[in-house]
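Below sits a lone chain in structure tokens, taken as the form predicted alone.
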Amino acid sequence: MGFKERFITRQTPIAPLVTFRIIFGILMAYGALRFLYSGWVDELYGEPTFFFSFYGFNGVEPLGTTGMTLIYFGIALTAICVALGFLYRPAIISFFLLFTYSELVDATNYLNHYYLVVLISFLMIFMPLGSKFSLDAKLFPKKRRNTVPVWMINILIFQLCVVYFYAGFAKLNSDWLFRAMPMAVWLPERQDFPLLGFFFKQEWTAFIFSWMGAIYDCTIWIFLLWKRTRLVAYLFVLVFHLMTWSLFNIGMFPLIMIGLTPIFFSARFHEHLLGIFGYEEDWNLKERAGKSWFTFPFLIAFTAIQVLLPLRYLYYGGNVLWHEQGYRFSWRVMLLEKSGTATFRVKDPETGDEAPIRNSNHLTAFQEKQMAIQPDFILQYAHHLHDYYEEVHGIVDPEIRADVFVALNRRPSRRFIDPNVDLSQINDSFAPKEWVLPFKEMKNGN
């Protein structure tokens, strides 16, 4: 059996994808309803008057509190339809579009697992996951099927392996391994944790958590791929992610990884699992070959992007934890304890008059916190201030400068960008941001 047949074209039981569809839909519906119940729609989309964008998506605007509330209801509804396998194809396409839009509205809300959901839902568009153990299978019997091309399972496994691998790879740095940062900051804050709280204030505990976290991320995907260790590995997945979920405020990432990782298990495992709920094989169905000229180039392009995109930080050089160029979309999970203060000043070039700017007049507290440590947000905010003072106060082409100080992983605060640069005259791009000052370790090691 050749590579292409073994990993791409070979037909395999659909059961693992049925389980994946159901769990994914349930988790996404829960996440959207949790978002609505917690009042985060108003907090993140109603309170701000200015929104930060991802590069290339400047035109994406929010729909106001009412509109965004409807968006999240739409996300919940389409996720439920995905779980039930009801009108699956339009449901997953709608989910992907709605969810992706909600994340593009304000880049300060970026989290790794939001990006993962976008990627997973995009892949699911190309899979006939409503054709078995679903409402669609009952309503449209001709669409029922027992098998799918094996690439549909393998690409999901690959995507989860990428997450684990790069999360571990990113932890192989001196801060994580030799300073136990940021665990040395976070764990002492959880001294009230039942039974284990006493240990969290011990310095050695932070090092154990750091090293075990790096070892886990670097190796767990290997043990999940190996049949003999798969069950034990998944038990480690449960323990690890339940622990991080209970200790740290990292949203639904642990639940998503727990829920989606069973895709590593065999079809027979999933058939037995689903059999508890009435899943049955129907060998009278006529299977489809599932061949398409589009499949192979699509898989090559997708896998290449996922392998290369997290490595783009190498192009920028320096300390990626400091300048954060190439930081997003690279699965750098729980690596930073970073804070900053940004003082902006506006200058009228005609009169020479200069005045400080109150950031709270333009940004929420959360936005200001995120802006002060990320160069592209600093630049976007400076352009916003330029336009604001030009339109509202009538200053012709105002100059905007900022003095920004950032503290990285419990080091002393140090100047982050060149305070003499007029940020309003700089356009964002993929080029290195030369106005970001290089990170230099102090002689005393702090």
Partner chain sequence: MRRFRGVLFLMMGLFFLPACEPETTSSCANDYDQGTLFTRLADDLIIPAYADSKNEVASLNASWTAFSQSGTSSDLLNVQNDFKSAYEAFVKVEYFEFGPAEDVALRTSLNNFPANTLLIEANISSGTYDLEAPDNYYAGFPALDYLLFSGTENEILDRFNNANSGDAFRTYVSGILGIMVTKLDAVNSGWDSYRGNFISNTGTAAGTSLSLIINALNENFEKTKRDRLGIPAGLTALNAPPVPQNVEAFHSGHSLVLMKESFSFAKEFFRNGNGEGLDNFLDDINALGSNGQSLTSVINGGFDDINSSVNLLPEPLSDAVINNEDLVTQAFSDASRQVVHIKTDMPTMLCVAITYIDNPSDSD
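Positions refer to the first chain, counted from 1. All of these numbers come straight from a predicted model, not from anything done at the bench.
Missing here is the form predicted in complex with its partner chain; even so, the following discussion is about that form.
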Exercise for review: Indicate whether residue 262 is a 4.5 Å heavy atom neighbour of its partner chain in the predicted complex.
Suggested key: no
**Study point:** Partner contact for residue 381 in the predicted complex: its partner chain, 4.5 angstroms, heavy atom
**Key:** no
Check your understanding: Quick one: is residue 222 in contact with its partner chain in the predicted complex, heavy atoms, 4.5 Å cut-off?
Key -> no
Check your understanding: Is there a non-hydrogen atom of residue 43 within 4.5 angstroms of a non-hydrogen atom of its partner chain in the predicted complex?
Key -> yes
Check your understanding: Out of 417 to 425, 52 to 60, 22 to 30, 35 to 43, where are the residues with a heavy atom within 4.5 Å of its partner chain in the predicted complex?
Key -> 35 to 43
Point to revise | Contact residue in the predicted complex, from 339, 100, 94, 266 (heavy atom within 4.5 Å of its partner chain) | key: 339
**Study point:** Position in contact with its partner chain when the complex is considered in the predicted complex, options 333, 75, 233, 152, heavy atoms within 4.5 Å
**Key:** 333
**Study point:** Site test, 178, 203 and 351 vs its partner chain in the predicted complex, non-hydrogen atom cutoff 4.5 Å
**Key:** yes
**Study point:** in the predicted complex, residues of 251 to 265 near its partner chain [heavy atom within 4.5 Å]
**Key:** 251, 252
